[in-house]
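Next up is one chain by itself, shown in structure tokens, the form predicted on its own.
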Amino acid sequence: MAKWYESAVFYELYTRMFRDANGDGFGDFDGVYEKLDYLKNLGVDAIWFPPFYASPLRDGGYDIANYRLVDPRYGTMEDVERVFARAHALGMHVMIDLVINHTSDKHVWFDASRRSKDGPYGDYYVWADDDKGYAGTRVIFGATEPSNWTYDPVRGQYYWHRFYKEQPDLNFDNPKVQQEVFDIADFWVAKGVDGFRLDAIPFLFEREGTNNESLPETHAFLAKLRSHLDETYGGEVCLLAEACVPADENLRYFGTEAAPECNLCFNFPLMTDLFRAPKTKDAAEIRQTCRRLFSDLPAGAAWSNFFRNHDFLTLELLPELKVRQMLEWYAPPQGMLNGGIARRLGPVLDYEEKVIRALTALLVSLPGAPCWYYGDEILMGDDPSLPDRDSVRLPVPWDEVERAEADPNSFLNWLKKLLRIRRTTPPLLEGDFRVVEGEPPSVFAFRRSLPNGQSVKFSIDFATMEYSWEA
């Protein structure tokens, strides 16, 4: 029997920008509580909360200072538990970010580590006497960070970080660090969490002579984490991998039948194809990607298909020619930063609703668990003049939501109807997948079928952006 997460509609709810209940300019859990019925009516099955832990907010909360404390700007732990309980009562599941590649440099572990090499936290992080190690490893935030190493004058050594220097990487060769992760996960499951998005998961381990991404040790750790959760919670707690890697490598994050790893993986290879096909008017790329990705998955594994989220529209999986095309088609005047384009779904597609509706119909008809970004249900705007990724992390304009709800022809109400169609069409939830061959070059068609004979064929023509379902 399929688990809840294999075909759930996820909704990324960026708490800080979702709903401000107390008027202090900072979104909070009381505001989330007020809008849970709105999410249920939209058709959401699971809410994904990016970090709301105590944090200096150097990186939008992904720099965590304490994994067991709620940042008081969002509310209290009681507020969080009340939201989780209400979501469950409405039939929605809860996923939170498990950010374990790094912490904030304000975390007590890092403070203790830098002050005592031989203390209990001395090897919780990756330290070295010089900055020569792991040469050739890419600097992910190269627009702001010149190196993956930063010198710490307190300890008199360099520490390793794959992102901002304020985010030192944890040392996963230390068994104590691995146990900390298990304990943190157990803590939040006890609070009502049903799943974890594993942030930046390819970067956990370091080995000389490699690019320090997706190493065998990382997969071995994920198998241990999955085993712990499955044995403790009966397979009901979901792991979702954020691994922006090529398709064949991405598939490895599901693990194997003998050693399963993640239940879901974000479908980065498909994401760029979704934006390319309306411009090329050719289905060849997306047809090839879907043939590769939607076959021979381990039992219980599924893709999380998405358009946008709180990060850049990443281009790092594309060759140079396709990157140049994407920049020409979609980039704002500021161009690309750190490997992506900071635009939301509506603005990046010029609010062309025919295109957006057709692509959305495709997204929810494919196998897996579609993931929606907050505010994109009203095609809310962005602000490319803001630094870094702030341009796609704006407050929800609730007056626009109210107008959309009152307009029977709005994208919001169309999306509600679309998700109802998906929810009441069993082959779109659990059917197998087969590309329909022999279609014109601009047409992508596939059939979803159940063992009882029920099936649905979905077709989209990227030349006209017409789409259809048929039995």
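Quick caveat: nothing in here was measured; it's all calculated off a predicted structure. Position 1 is the first residue in the sequence shown; the rest follow in order.
The following text describes the form predicted in complex with alpha-D-glucopyranose (GLC), which does not appear among the structures shown.
alpha-D-glucopyranose (GLC) is not shown here, and in the predicted complex it never comes within 4.5 Å of any heavy atom of residue 88. Not displayed here, alpha-D-glucopyranose (GLC) is approached by residue 62 to within 4.5 Å at the level of heavy atoms in the predicted complex.
A residue is said to contact a partner when one of its heavy atoms sits within 4.5 Å of a partner heavy atom; residue 188 fails this definition for alpha-D-glucopyranose (GLC) in the predicted complex, lying far away. Proximity of residue 389 to alpha-D-glucopyranose (GLC) in the predicted complex falls within the 4.5 Å heavy atom cutoff. Annotated contact segment (heavy atom within 4.5 Å of alpha-D-glucopyranose (GLC) in the predicted complex): 54-62, selected among 403-411, 427-435, 54-62, 28-36. Taking 252, 165, 393, 308 one by one, only a single residue has any non-hydrogen atom within 4.5 Å of alpha-D-glucopyranose (GLC) in the predicted complex, and it is 393. Between the options 182, 141, 151, 134, the residue in contact with alpha-D-glucopyranose (GLC) in the predicted complex by a heavy atom within 4.5 angstroms is 141. Taking alpha-D-glucopyranose (GLC) as it sits in the predicted complex, the stretch 371-387 never comes within 4.5 angstroms of it through any non-hydrogen atom.
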